[in-house]
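Quick setup: one chain, the form predicted alone, written in structure tokens, and binding and motion questions come after.
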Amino acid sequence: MEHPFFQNHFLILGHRGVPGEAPENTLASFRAARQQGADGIELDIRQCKSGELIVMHDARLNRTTSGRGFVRAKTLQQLKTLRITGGNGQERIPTLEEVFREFIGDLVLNVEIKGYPRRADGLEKKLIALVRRYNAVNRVIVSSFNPIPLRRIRKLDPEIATAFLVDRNFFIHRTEKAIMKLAGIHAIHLEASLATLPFVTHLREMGLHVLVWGDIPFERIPELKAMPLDGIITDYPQQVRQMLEGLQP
């Protein structure tokens, strides 16, 4: 399903910002992506105990913050007292609204919903309300490994772009056609190791946009650029941009 989020433009998205320059999923990391010429950023969201949408990859706080325990067990007030480890020690866990407020005018946002909720908890409605409040329907794509929240997004607001994440584990057990039917998605975000010209071409012929992500050696960039891809999610947006510009005829 064609969607204006892609605008016939090859997108370079900073994966959690630029984690080599600043701690992942922080405002500093997103600023680094903007400075390095990324078209947008990929970030992860979870809902905390008090209901706000916060930017955090892991279910637990231990790896990336000074705190311990599960995100879902902490209020926003509690989360804001924690320091992000690494960097200058001044970064705090951002809310998704803070990211929208600072970056939606400059960058497109790939918002990945983490976790596998068994029941609706209001996350999707809050996300949609935020997208609408900031008039960002064509500047946001919602992705997940879980088709259930993507299906909820499509039912609640079909104008918002959605993408299903596919890695090698999923690929062994499922087909892209079944998931497209289940979730009504606009795009597949494909682990780069699965990206071949025939497969990407097949997905595009199905009407799906395709971005690749994962551990992408720089020597694969020319090969990937030759495929009918819509973009790359990378830890190294500046280097990828420079390589792509060097491939221009």
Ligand code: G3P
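The numbering used is simple: start at 1 and walk along the sequence shown. Since this is a predicted model, take the numbers as computed values, not measurements.
Form predicted in complex with SN-glycerol-3-phosphate (G3P): not shown, discussed below.
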In the model of the complex, which of the stretches 39-47, 201-209, 216-224, 26-34 has residues with heavy atoms within 4.5 Å of SN-glycerol-3-phosphate (G3P)? 39-47
Looking in the model of the complex, is SN-glycerol-3-phosphate (G3P) within 4.5 Å of a heavy atom from each of His3, Glu159 and Ala187? no
Although SN-glycerol-3-phosphate (G3P) is absent from this view, report whether Tyr134 comes within 4.5 Å of it in the model of the complex, heavy atoms only. no
For Glu102, is any heavy atom within 4.5 Å of SN-glycerol-3-phosphate (G3P) in the model of the complex, or not? no
Quick check on Arg60: any heavy atom within 4.5 Å of SN-glycerol-3-phosphate (G3P) in the model of the complex? no
Does Phe145 reach SN-glycerol-3-phosphate (G3P) in the model of the complex, with heavy atoms at most 4.5 Å apart? yes
Just give me the single entry in Leu130, Leu165, Leu82, Leu107 that has a non-hydrogen atom within 4.5 angstroms of SN-glycerol-3-phosphate (G3P) in the model of the complex. Leu165
Between Lys126, Lys114, Arg92, Arg151, only one gets a heavy atom within 4.5 angstroms of SN-glycerol-3-phosphate (G3P) in the model of the complex; which residue is that? Lys114
Residues in 78-100 close to SN-glycerol-3-phosphate (G3P) in the model of the complex, defined by a heavy atom within 4.5 Å, in order: none
